[in-house]
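A single chain, nothing else alongside it, follows as structure tokens in the form predicted alone.
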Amino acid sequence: MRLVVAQCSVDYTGRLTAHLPLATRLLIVKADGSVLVHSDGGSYKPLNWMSPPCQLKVVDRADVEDTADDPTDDPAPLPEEDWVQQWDVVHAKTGDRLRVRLHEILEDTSVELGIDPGLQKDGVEAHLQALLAQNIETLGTDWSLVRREYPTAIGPVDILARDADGATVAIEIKRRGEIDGVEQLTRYLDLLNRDPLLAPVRGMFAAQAIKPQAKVLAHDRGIDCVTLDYDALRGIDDAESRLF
């Protein structure tokens, strides 16, 4: 993982267009190729990012100026702004482009993190996820499981499924459903809906008990809420242990 703190400006072009003016930011380049742009606020949500599969090309301004001095080349004119390094990140499937122009590099560190064992959830929550994945049709007839722990640049989605119409559904599972869980699912949906192979993706918030405030927020954001019966799911998981 590469961590760079720099004065930079950022432009995203593709299915949407976004611009971040010059400011000091944290740039993260992960081993899977993803690039994230963070500020000092906003919790752990990046200001902008590019998810894999993508390719990063780094150009130093000095190299561009050397090329510009070569009369045998016909380079594009240099921009007037005073940057020292430019990152071009292009998505392999969509062609979307994230361009980061670094004006001053304050810190640049690379660390080998190795293989992460993943989030270890408490027993009930982890068991809920496993049971629901094994019995996904409890959410609806003809539903199908895509994957448990579907990876994204900001963490794994508990379950990715398809409903009877073939639409993609991201499911976040909690033992107790609170506002933080809805916010977490909202961030996943924002990211997943950038993927043309998955979009449109709707959300489902599933828990043994969901607080009223969380239900209101979920409804406002178009997220379905489902109350899970842990004992009933365990009964489905082990039918021979039931007396009736």
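Note that the rigid core is defined as the largest set of C-alphas that superpose within 1.5 Å between two forms. From 1 onward, residues are counted along the sequence shown. Since this is a predicted model, take the numbers as computed values, not measurements.
A second form of this protein, the form predicted together with the DNA, is not displayed here; the remarks below concern that form.
The DNA is not drawn, but in the predicted complex it has no heavy atom within 4.5 Å of Arg221. Taking the partner from elsewhere, Lys174 is found to have a heavy atom lying within 4.5 Å of the DNA in the predicted complex.
At the 4.5 Å threshold, heavy atoms of Thr186 stay clear of the DNA in the predicted complex, well away from it. Looking at Arg202, you'd find every heavy atom of it more than 4.5 angstroms from the DNA in the predicted complex. Annotation for 1-24: interface residues with the DNA in the predicted complex are Tyr12, Arg15, Leu16 [heavy atom within 4.5 Å]. After superposition on the rigid core, the Cα of Pro212 moves by less than 2 Å between the shown form and the other one. Remark: with the core as the superposition reference, the CA shift of Gly181 between the shown form and the other one stays below 2 Å.
Arg202 is not among the residues whose C-alpha shifts by 2 Å or more between the shown form and the other one once the rigid core is aligned; its shift stays under 2 Å.
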